[in-house]
Each structure stands twice: as C-alpha cells, then as structure tokens.
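Let's start with one chain on its own, the form predicted on its own, as structure tokens.
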C-alpha cells in the first residue's frame, strides 16, 4: 500500500504558477485530480460533525490565531500574492490589512448570529429556531482578491461548524495554499478545511461530490454552468458573478473630487474587480471639466513593476483577458468613440495594458455593456437625472452603482431607482463587513458579509416543544 501511495503521488498532475508581470514560471505544485478530490471530500464529510461539535469558543480562538498569523506573515503573504497575480505590492498589503476588520466582524458577530431564537412561549408550547451548519461547503473562489473573496466564505463557514472544500483560482493557488496552511496552524483540523489545487477540471470534480452548499465567485458564464450542473441535486447554491458598475456625476457635484475618486474606482487593482467602476455618466454641463480632471488623475498612475511600492497599475493576471480588452477597444473605435488615452497593450514580457479612457461612448458599444475587468473606462455625457438612471439600469448586471452630488435627498431618490445590490453616495468601489454583498440580474444570487452572510452557512431548524 505504501508503494502504491508513493506511485500515485508521483503520477499526480502538476500545476505551474506563472508570474503575469514577467511571464516566467515561479513555482510548480502538486495538483488534484478526480480521485484526490473525492478522497478529500470523504475526509471532510467524516470530519464535519466533530468540528461542528467543537465549542464555539474554540472555533473563535482558532480564527483569532489565524488572524494573528496573517499579521505576523504579512510581508511574505503580500509578496506571494503580488508575484502570482501581478497586483501592486502596496495593494496586496492593503488587501491583507483590509481583511482584518472583516475577520474581527465575524469574530464579534458569529456566536450571536447563530444563537437559538426563542420566538414563542405559551399554552404549554415553546417554539424556537435553531441554526445548524449546512455540512460540507464547497468554495470555488476568485483570484483578483483571494483573501477577501476566499475568507468571506471560509471564515464564517468554519465558525458556524461547516467543513470547507476550498478551490482557489488556479491563478492564486499559492495564496490559497497559504490560507489553508495558516488555518491548519491555527487549529482548524486539516480534514475540516482542505484546499483543492487545479483548474476547471478540479472544480468540476468538486461539483461531483456530496456537498451541502456551493459558493462560487467568478464569471457569469461559469456560474451558469455550475447552476445547471447542481440544479438536479438541489444543492444550496450561491453565485457571486460579474458587474458593469455605473456611476452618475450630477451637475451640482464637485468635478475634481468626483474625477479623482472615480479614477481610483476604475483603475485600482488594474480594474480587475467585479465592483470596479466600469461606466461613468456625467451631466453635460460638467462633462468637459470632469474629463480633464479624470485624465489628469489617470496620468498620475504609475505603471510598472508590481514589486515597486510606487506602482499603481500592475499586470493583467490572465493572458486571455488582454484579448478581451483589445476587442472592446477595437469595437469602441469602430463605432465612433473618442480615445483620450491608452488603448493598447504595453510592450515587454508578461501581460500589460495601458490605462484607457474613452469619451463619446454609447450603449451600442461592448465597452458600455459587457464586463471589462481591466483598466478601461467609458465616460458618457447625459442631459439629466432621468436619462442617467435609465442608462444605469440598461444592463443585465446589477452589482453596484453610485451617484456624486451635493444633494443627499436627491442621491437617495436616484439610487432607490437603480437596480443594484450595493449603492454609493459620493464614493465607490467600497465593501463593508457590516453590509451584505449581493447583486441582482446576472450579477448573481445569494450574499456574503453582514450577519446575513454568517447565517447563510446554516439552515434554520424549527423546534416545536410541548410540555407533557
């Protein structure tokens, strides 16, 4: 048996990790296959009842130790993240530091969120609601914010007593393995929290397992394939998909302040975020001034080595996405858009794209309809509020939307009319652990974060208790 195990390990597939900023391999790791995924799923199924029976205080302590380990190793973890996804090093450190308040929220709220609710007591009958773990949770995660997106699922799932089968994106594998290592070191049993390494074939193998919930973050196309695969089995499913996030700058807004804020919202993480600002509508009276301020802000963003602390625009993580960006630029130019800066790949090894700004755009262009996921933005002039709202809602997505104005009452009125899971007044590209993160339309189903995002990893159990 020992020799057979060694032979299997020797023949296991390997995954090569590429640095998108240089195109050079940086590591090679052992990948999973259908057999190893099945074995890990079986081990998770066996481990889950023991983990669920572990007192909440011990589960909380394990996550506190995980948090401390993130702080202790922040420089190493940030370097790994930057090397494998091309994120500028200052933004990698910011992601890690930004994770800490989310963990603190879960630590503070988890116990109360799943505490039994006593809802009726009278006539000899007592009624209460319990919150029990789903069981084994599958998590197919994303590469663009692997600590945020992964831990939005992993941490509350573990705190509520679930076992987790976690498949990080193949483009953030090393970071995913670091998350698993730190959790194990913090006291989470290795069978109750397992990383699955590989690409789409490993994700497909995960879907074939006996799981009680599947939480996916990624593209709409992949989300639909997952939904179709799991529908006959009635597995609890959550899909956090894409966005085509709009913002409207009203005539009374401060053009300079709005432009600086939205340039950051469009270009941060090289535009590779589901909640990056992807469409901007500006009142015609403010349009020209806004565009000049916006271009000046973008011109100040340094493109370069992601390991340089002064770099703001890093590499495009996936080589295939560069073709998508090229296609959107070509389509916009062919249909009459005005290119104000950028519009092309950058030379050198790796995958790079220049920060790109278009004006004179309209909804006949892919740039204003399909998710970009890169440093490209279209700015469209509008005549007033009603036109802006109509254009903001002219999308199959509904993740985030914002309004810049000095008038709070008007902002609230407009944002109430916009189809989006999160709305912003005078800000953008912001996520809070206290608020649910959700979308409508093709942006997905379900939610993470907030107390709702803790309870989603449980199912309610109704207790009817009559005195004898």
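Here the structure is a predicted model, which is why all the values come from computation and not from measurement. Positions refer to the first chain, counted from 1.
The next section is about a form of this same protein that is not shown, the form predicted together with a small molecule.
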Original post:
Exactly one of 175, 217, 247, 92 has a non-hydrogen atom within 4.5 Å of the small molecule in the predicted complex; which residue is it?
Top reply: 217
Subject >> Listed residue (82, 194, 261, 169) with a non-hydrogen atom within 4.5 angstroms of the small molecule in the predicted complex >> reply: 169
Original post:
Which of 107 to 115, 248 to 256, 219 to 227, 301 to 309 has heavy atoms within 4.5 Å of the small molecule in the predicted complex?
Top reply: 219 to 227
**OP:** Using a 4.5 Å heavy atom cut-off, state whether residue 144 contacts the small molecule in the predicted complex.
**Re:** yes
Original post:
Does the small molecule come within 4.5 Å of any heavy atom of residue 86 in the predicted complex?
Top reply: no
**OP:** Indicate whether residue 437 is a 4.5 Å heavy atom neighbour of the small molecule in the predicted complex.
**Re:** yes
**OP:** Examine residue 399 and determine whether its closest non-hydrogen atom to the small molecule in the predicted complex is within 4.5 angstroms.
**Re:** yes
